[in-house]
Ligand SMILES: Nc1nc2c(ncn2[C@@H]2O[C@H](COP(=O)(O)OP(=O)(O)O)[C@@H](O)[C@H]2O)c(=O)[nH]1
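A lone chain, given as structure tokens: the form predicted on its own.
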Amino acid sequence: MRRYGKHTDEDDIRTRPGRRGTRPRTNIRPKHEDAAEGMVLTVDRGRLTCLVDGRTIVAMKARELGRKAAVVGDRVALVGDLSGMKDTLARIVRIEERSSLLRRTADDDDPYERVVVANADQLAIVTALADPEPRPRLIDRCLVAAYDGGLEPLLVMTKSDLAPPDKLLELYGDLDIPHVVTSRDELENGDAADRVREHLDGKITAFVGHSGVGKTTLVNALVPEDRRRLTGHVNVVTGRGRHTTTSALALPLTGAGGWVVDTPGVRSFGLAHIDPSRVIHAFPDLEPGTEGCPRACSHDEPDCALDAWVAEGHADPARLYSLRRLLSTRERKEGD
């Protein structure tokens, strides 16, 4: 009779005849000191296109990395077949430390972070001045994500032939954000690309914007078709004559170098992951005033030390207003 529960012993354990023993797992992992360095250009269903020594290769994440995911812009170490030939596959064995990270959530109640791009230097927020109308709350959210992730913002306003930029520029004037204003004609004849490119040389720039603002049209003008071949096929879906990017894609710039990362059009930009203590770093004129703040201060409460700091003349009140407007954007819907 078999015994169960606390009355069992070693004799009650069944073993399969001929079954091989299992070795104890070890935490020792190979260092892969001979791995090649690369940059992730795009990710598609578990396959990552990477640039290694001037050629593109397809790779997959090594099992030893566990749940850690590589994203566009990541600097990675690769082993295996690095020839770039058709039907070959390399392995990503290490993801290097990131200098910046642009993240978002689907909405403010969603705890799952979606990493948009790693190691970008700046975030180009593309918005139309009309058709469709500007969405300042979405711009605010993109700015907060940029400041939180360590990216410098760049505001690109399109379709100035349909509406003037004055109102929008006034709204963000106190933030000292670099900006470029373009028209539809300039997008078509390439003048817009030339003016935007002045802010991109030597940098990795992620482009964000909702559908219809001209983001992908601008990216196409910045990166000629012959440069796009370096990254292979671009995933697009076509509807009503528009082409919309469906996966983030890093594209090389000509001239002084740099990269453009075209991202999918966004309908919302959730900020569930945002920590106010990181956003304040983008306001160096205000940051010293937080030394007297209570622990975990939201910088928009009665005991916040920034009120006294500004009242004493250490910073412009308009800057504090701008900071608090951005930080409160989590509590406001984009249509407010």
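Residue numbers run from 1 along the displayed sequence. Computed from a prediction, not measured in an experiment: that's the story for all the values here.
Not on display, but discussed next: the form predicted in complex with the ligand.
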Pick from 176 to 184, 69 to 77, 193 to 201, 117 to 125: which stretch has a heavy atom within 4.5 Å of the ligand in the model of the complex? 176 to 184
Quick one: does residue 210 come within 4.5 Å of the ligand in the model of the complex, counting heavy atoms only? yes
Is there a heavy atom of residue 104 lying 4.5 Å or less from a heavy atom of the ligand in the model of the complex? no
Even though the ligand is not shown here, does residue 166 get within 4.5 Å of it in the model of the complex, heavy atoms only? no
Classify residue 205 as contacting or not contacting the ligand in the model of the complex by the rule of any non-hydrogen atom within 4.5 angstroms, answering yes or no. no
Among the candidates 110, 161, 133, 170, the residue which, in the model of the complex, approaches the ligand to within 4.5 Å (heavy atoms): 161
Please identify the residue among 214, 150, 84, 252 with any heavy atom within 4.5 Å of the ligand in the model of the complex. 214
